[in-house]
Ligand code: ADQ
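First comes one chain, alone, set out as structure tokens in the form predicted on its own.
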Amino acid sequence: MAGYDGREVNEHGADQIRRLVVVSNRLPVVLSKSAGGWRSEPGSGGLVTAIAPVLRNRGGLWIGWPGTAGREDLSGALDRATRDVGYSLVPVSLDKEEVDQYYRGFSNEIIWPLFHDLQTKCNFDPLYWDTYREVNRRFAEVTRDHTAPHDFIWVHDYHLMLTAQNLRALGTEARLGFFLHIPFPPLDIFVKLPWRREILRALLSYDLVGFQTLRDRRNFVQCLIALLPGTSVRGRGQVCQIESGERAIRSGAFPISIDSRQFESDSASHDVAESAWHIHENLPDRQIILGVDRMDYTKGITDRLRAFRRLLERHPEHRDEVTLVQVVVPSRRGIPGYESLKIEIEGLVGEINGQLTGPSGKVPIHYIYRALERTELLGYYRASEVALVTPLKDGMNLVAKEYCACSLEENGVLILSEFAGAAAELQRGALMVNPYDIAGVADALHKAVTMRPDERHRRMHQLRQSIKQHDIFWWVDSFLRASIERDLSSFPVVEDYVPGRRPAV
């Protein structure tokens, strides 16, 4: 049977699902207001790339917040967007206060920092919880009104952990799946959440709860066992069964990926090759070390800059040989702490450039604060000899996979944080580092820029093969199969990563 991208898929997989309904915080389109009214543009990101082909090919529905505050009449714009994307779009309206308290508040001032082990940045305002519950109830009502019992409802991410519980209360009989795109914290972190048991009970209302890594799934199970007595678990493979009270659900590790074939094809285009040539023409006779991140304190950008400075201090010979290109994409404007982080990063870039720019005038760090167009981004991927991906903690980090997919000559080196979800899959080809270890990251940079061509090729070839095998379509199919397949033994044990363990290469 033809899969979502034209490939064959497992006969027990998504073909048994009559209609897929995706529910996420945001719709997969970006709305903007102009003199002629509202207009829409296609959204971007891994989730849209993964799910859109499924919905187009099978007929489906996407429910989410359109990104506007208030009760604007968006029907015309969404009707046009529905025709453009090829599947139905259903909006959930939020007013400004709800956006502030549910999205900026509970989601991004409580869950985001807590689930990334940064609890000191949390603001446990009870009002945030009240609004979060109310908005999840609204999402459930809209979903109930647009779905039927034979649908599969797939809810995404930490903004909507309570949605299934509300759907059950409203009488929904459809199968419900949930995927968490960010890490799930260990017990000693999770217990700091005042509403810890309410969150766990709500997640048990889903039929399938998916995580990026085995570590996240293990943390979830340990929290259930500790906080909800009577919980038991069967199965140790990719998918297990959890019984708690009267509920029996499944949980699994499904590492999200990219459309590797599309990235490879696009990066081979004339426009991208020309972009890469111009980048190296502007930085002649230098190896480019690339960092690409959203503006976020979980990405470890300041520690990375300090590690690069240490590299140049300990190895002065590299000062005229390497350049760090750090791209920072603006994100979550208006959330406390992000503007101060921007000031800190830019101050550190200026300090390092002032300190280490030599007589040649070659600046050590090129800092870019904007989103890159796709051709320019792929040009940087192709032009860069080293990718420096060092988040303090990350659910997956698709930049690492995108860089490898675009390394057509297989001569790039990936330096990867032990605390990125991608570590489990990419540990054997990447140089693994502890992002808090400034000296260790500097040593990895030295190893990367002096690595022999044959070792570069061997490592990158291994990385690219792994990403091709487990691409975005594998991710979709494996999740949907897990919601249907009767025999859990058919799911293999996926690879785990233990920080500090040195993988065999």
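Each residue number is its position in the shown sequence, starting from 1. Everything numeric here is computed off the predicted structure, so don't read it as measured data.
Although it is not shown, the form predicted in complex with the named molecule is what the next lines describe.
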Non-hydrogen atom contact F211 with the named molecule in the predicted complex at 4.5 angstroms: no
Non-hydrogen atom contact E402 with the named molecule in the predicted complex at 4.5 angstroms: yes
Distance check, M396 to the named molecule in the predicted complex, heavy atom within 4.5 Å: yes
W112 within 4.5 Å of the named molecule in the predicted complex, heavy atoms: yes
Selected contact from D216, E385, D293, E418, since only one has a non-hydrogen atom within 4.5 angstroms of the named molecule in the predicted complex: D293
Listed residue that, although the named molecule is not shown, lies within 4.5 Å of it in the predicted complex (heavy atoms), from I352, L74, V328, V99: V328
The named molecule in the predicted complex reached by all of K299, L372 and Y381, non-hydrogen atom within 4.5 Å: yes
Candidate stretches 312 to 320, 363 to 371, 280 to 288, 76 to 84, one within 4.5 Å of the named molecule in the predicted complex by heavy atom: 363 to 371
In the predicted complex: members of 146 to 176 within 4.5 Å of the named molecule, any heavy atom: none
